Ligand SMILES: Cc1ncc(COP(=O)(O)O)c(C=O)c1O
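First comes one chain, alone, set out as structure tokens in the form predicted on its own.
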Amino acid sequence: MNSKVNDIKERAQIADLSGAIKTILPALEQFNCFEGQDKTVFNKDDWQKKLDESLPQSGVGIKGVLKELNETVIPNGLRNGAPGFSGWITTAPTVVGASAGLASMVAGSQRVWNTSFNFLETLGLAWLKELLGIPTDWQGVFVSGGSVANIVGLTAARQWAFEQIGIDPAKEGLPAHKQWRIYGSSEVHHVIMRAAGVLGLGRQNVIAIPVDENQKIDLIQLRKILEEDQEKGIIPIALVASAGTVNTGVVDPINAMADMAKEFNAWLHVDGAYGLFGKLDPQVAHLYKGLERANSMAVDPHKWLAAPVGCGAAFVCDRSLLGRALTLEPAEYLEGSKGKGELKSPFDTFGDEYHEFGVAQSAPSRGVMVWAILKEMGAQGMRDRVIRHNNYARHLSARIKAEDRLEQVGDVELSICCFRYYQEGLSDKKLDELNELIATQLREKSLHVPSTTKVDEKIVIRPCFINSRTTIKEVGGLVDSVCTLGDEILRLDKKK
């Protein structure tokens, strides 16, 4: 038998990384200038036609790919880092975050084993805990974002709640003879419902408690429903406090909810994916009173900290509980593959292990990005950013209140300020249509990109300031553009 191995040549380039990066750097630098109007949607037919092809059978080689990246892909990318972008709660990474992300892709492609990147997973989590006042003995884990971070927190809540009645839900499954519920305000992020669905708890078992006049969870209604459910024997798995709702940016009364969680023997989970960093602003720090009394928290470094997208974090008060909830069970290829005795190779140990504290086993190093960002600007730099962005929302609020054509809807606590163009005599329906059209034309005709939402049954324009490139100029420009567009639309309506 012929034992000769046919050593087929590798078709992908595996050397000269610097050459490849240098080739696309000018296009990336140009993209990051965010010059002029965003024409990507108008050019869609052109760039999509160039990209849309059948699977290549031979390939064009790295030069062909880099050329297409430079000429077609990068120029038509997502401009959510442009200074005028304040829509939704997303932004582009800062330079050091993007650089650390590249370093992670190349040299930290797995968070495990005894390497510098594994160490920075732990250090990055420790720095976040110190920055945000999270107890040092809590178990943290980096995940892909707030959606998964909330799943991790509520997985721990589920484990804790059922262990109270002698059931291991992760091992045995959920009991058929019991009822349970999760409680959050009607403003709670919809990822909480998805988490309940993923965990087998059921989306319909997430109870939406009405909000008060400040858009915060109504504690009177929460108590009433908890008492009614207690009489029915329904298990209160968790109370979910929003530390910065996505609609209006308000913070639920965490300390009061901690009292109620203790009274009704429930877990307290804090969804701070967007707003947990808000506590760094002394003007609103009091809103976070009782945060240390929570049992789990979610936070997204890829939002306000401006890490590359795909970097969230979950923190849980009990390491062993989280391990029981998310254990892989022993496997020979994991535990059995560790080195014995003195370490002779990075692969003799998994280093600080995280695969039994999250839902992913293989995962890139994300801690290096958090480490790099905080190393660059320090805790004070992040405080300054949060204060600056919250001040933008306050400045916007002051401009709105000084302008007869604008109406603020809801209070400003963090970096979100909801408002609408307003004119006396127009019906609510007409005002809703007008403001939706203004938001559409902002994206089309200006450099300002806020999102819209509904508050108090009104369609409002909703800028959220977390973009590190936004300046006070863009804040004032947004006000001016809304007024100009609103006036123009009404003037054209009158001519019809």
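The first residue of the sequence shown is number 1, and the count goes up from there. These figures come from a predicted structure and were not determined experimentally.
Heads up, the form predicted in complex with the named molecule isn't pictured, but that's what we're talking about next.
Picking from 219-227, 267-275, 385-393, 232-240 the stretch near the named molecule in the predicted bound form, with a 4.5 Å limit on heavy atoms, gives 267-275.
Contact annotation: of the candidates R181, K303, R158, R420, the single residue with a non-hydrogen atom within 4.5 angstroms of the named molecule in the predicted bound form is K303. Among the residues Q139, S147, N76, N255, the one placing a heavy atom within 4.5 Å of the named molecule in the predicted bound form is S147. Using a 4.5 angstroms threshold between heavy atoms, V206 stays clear of the named molecule in the predicted bound form. Put simply, I89 is close to the named molecule in the predicted bound form: some heavy atom of it is within 4.5 Å. By the criterion of a heavy atom within 4.5 Å, K279 is excluded from the residues contacting the named molecule in the predicted bound form. The closest non-hydrogen atom of V284 lies beyond 4.5 Å of the named molecule in the predicted bound form.
Annotation for 182-217: interface residues with the named molecule in the predicted bound form are H189, V191 [heavy atom within 4.5 Å].
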